[in-house]
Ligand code: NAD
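Single chain ahead, written as structure tokens, the form predicted on its own.
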């Protein structure tokens, strides 16, 4: 395992996992457990190399387990890692595709970008972050995209404003066959609401609370088109125009207090 920090609180990890690397496709994810008493967490496969037998993971240190993951050093081992999980992104010749990534969401979009380009699609990437220093993998996207647009909340890089502002400019002046948005819940919701009146096919990648990743526990259920769906086995990608984002948002903060307590205890333990 190799690890490096690529942005404040964001690390990239290259893991030796030849079986997963051999079968990984755009849109897949893994569920990992650091040690015997660790919790299971899902992470998107941001890239894979069959020849080297490795997968690349990006993660933001926002909770106890991701903080603990960030403390690992190159050469350390991860106890369990299961995958590839989830349905791959449906990739075909669409035409002009727009990928909208917010923050760490670009990790999910990168393999999708490469898969779309392999099918001769024209791809415009819109990358958003609060500030320039939080932007990740811009150069990776420029290597494969036909066009890359950057938006930062504070205007420190690219255009000042939201990714939806850049997306609306594109939609108003060019034909768009497909939009895929990955990032914070409210960003994906805003993108979906923007494209709805235009009738543009819009896909979002959901990352609700997951436990075992096989659909047995039901923790990852989401409401899509009025029906309960399990993101781990029926997703993680769904039609953005059919997702109940408000319900999903409520579920994501269901264990917020417990997560905060767990993180505080872990930090206190690390200081001793």
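Just so it is clear, the structure is predicted and the values come from calculations on it, not from any experiment. Residue numbers count along the first chain shown, from 1.
Missing here is the form predicted together with the named molecule; even so, the following discussion is about that form.
At a distance threshold of 4.5 angstroms between non-hydrogen atoms, residue 89 is out of contact with the named molecule in the predicted complex. Contact annotation: residue 195 falls outside 4.5 Å of the named molecule in the predicted complex, judged by heavy atom distances.
The named molecule in the predicted complex comes within 4.5 Å of a heavy atom belonging to residue 60. The named molecule in the predicted complex is not approached by residue 76, whose heavy atoms all lie more than 4.5 angstroms from it.
Look at 205 to 213, 223 to 231, 66 to 74, 45 to 53: in the predicted complex, residues with non-hydrogen atoms within 4.5 angstroms of the named molecule sit in 205 to 213.
Note on the partner interface in the predicted complex: the residue among 148, 162, 200, 85 having a heavy atom within 4.5 angstroms of the named molecule is 162. A single residue from the set 97, 182, 112, 167 has any heavy atom within 4.5 angstroms of the named molecule in the predicted complex; that residue is 182. Contacts with the named molecule in the predicted complex, taken as any heavy atom within 4.5 Å, map within 115 to 133 to 128, 129, 130.
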